[in-house]
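As structure tokens, one chain now follows by itself in the form predicted on its own.
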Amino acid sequence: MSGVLATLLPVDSFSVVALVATFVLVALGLHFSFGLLGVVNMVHGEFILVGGYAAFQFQDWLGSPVWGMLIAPFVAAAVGALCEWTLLRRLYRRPLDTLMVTFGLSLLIRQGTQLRFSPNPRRVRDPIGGAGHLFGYNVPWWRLVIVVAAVVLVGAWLLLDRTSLGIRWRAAVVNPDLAESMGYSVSRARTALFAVGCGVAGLAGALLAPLNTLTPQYGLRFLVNSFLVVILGKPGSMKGLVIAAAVLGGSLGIMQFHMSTVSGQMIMLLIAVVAARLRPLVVARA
């Protein structure tokens, strides 16, 4: 069975699935800050950076990368809550200002990371190591963990989406005046949403760290793809985010087997632009 599947499929299918899961992981945090809150969050990549370096730091302190991966989302969430409380809280109706402020924060966090850890590359160890065979392909076990983590995170958000807490948070975002009149704290809901988004970004950075080299530019490689996924999937739509991640991540994963990475990314960007233009027409006809 596995040999037949490997023969029928011209690319390493699991690598494509893993790339789609990576797109979901890195974009999910932006779904909270940009998709739900409307913050043009240019510092999203730096919260991925915070998660990666938190995993590295706790690996250095405690001897195991697992502890760092468990603690990383809480570190990123705490930093995100502080940024929202001190700088972003008064800017929700001014998207251009949020862009400028978050861009400045990204520079500050990146330079602070470089001062603390130096520009030299760092590595987070693979907690599992090794690989196995799945459907005829050689699969590193840690990539399988990333796929499972992406599914679990999406499931957790869907669960949250159907609880009273999730309903109150969405109400505070969609109609803050009505939410305030009903006794809900809009400022607390916004802080919580932003902090959760930063925590998810930090977790993504920690989980992806064993597959990448950590440098102060670590988060930048995920920023553009995160925005593409959220924008193409329609900001605020979890279902749209997953579909967009499948389309963009899947197309990039397939193209990387037939052309250079740069060419694949350029074609993926073209696909995103065309899809974004066609989506309103498809919705209108439906």
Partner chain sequence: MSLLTVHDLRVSYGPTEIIHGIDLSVERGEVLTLIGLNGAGKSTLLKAIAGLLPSSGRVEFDGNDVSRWRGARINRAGLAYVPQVNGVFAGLTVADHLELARHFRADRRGLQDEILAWFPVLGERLGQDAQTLSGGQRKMLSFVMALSCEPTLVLLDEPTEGVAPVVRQQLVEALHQVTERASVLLVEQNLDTALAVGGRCLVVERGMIVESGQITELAASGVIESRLSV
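Numbering follows the first chain given and starts at 1. The structure presented is a predicted model; accordingly, all values stated were derived computationally and were not measured.
Keep in mind the form predicted in complex with its partner chain is missing from the figure; the text below concerns it.
- Heavy atoms within 4.5 Å of its partner chain in the predicted bound form are found in exactly one of 116-124, 181-189, 212-220, 144-152, that being 181-189.
- Here is the short version: of Val174, Ile128, Leu158, Leu82, the single residue with a heavy atom within 4.5 Å of its partner chain in the predicted bound form is Val174.
- Although the partner is absent here, Leu87 sits far enough away that none of its heavy atoms falls within 4.5 Å of its partner chain in the predicted bound form.
- Among heavy atoms of Arg110, none comes within 4.5 Å of its partner chain in the predicted bound form.
- In the predicted bound form, its partner chain lies farther than 4.5 Å from every heavy atom of Leu99.
- Heavy atoms of Ala78 never reach within 4.5 Å of its partner chain in the predicted bound form, leaving it off the interface.
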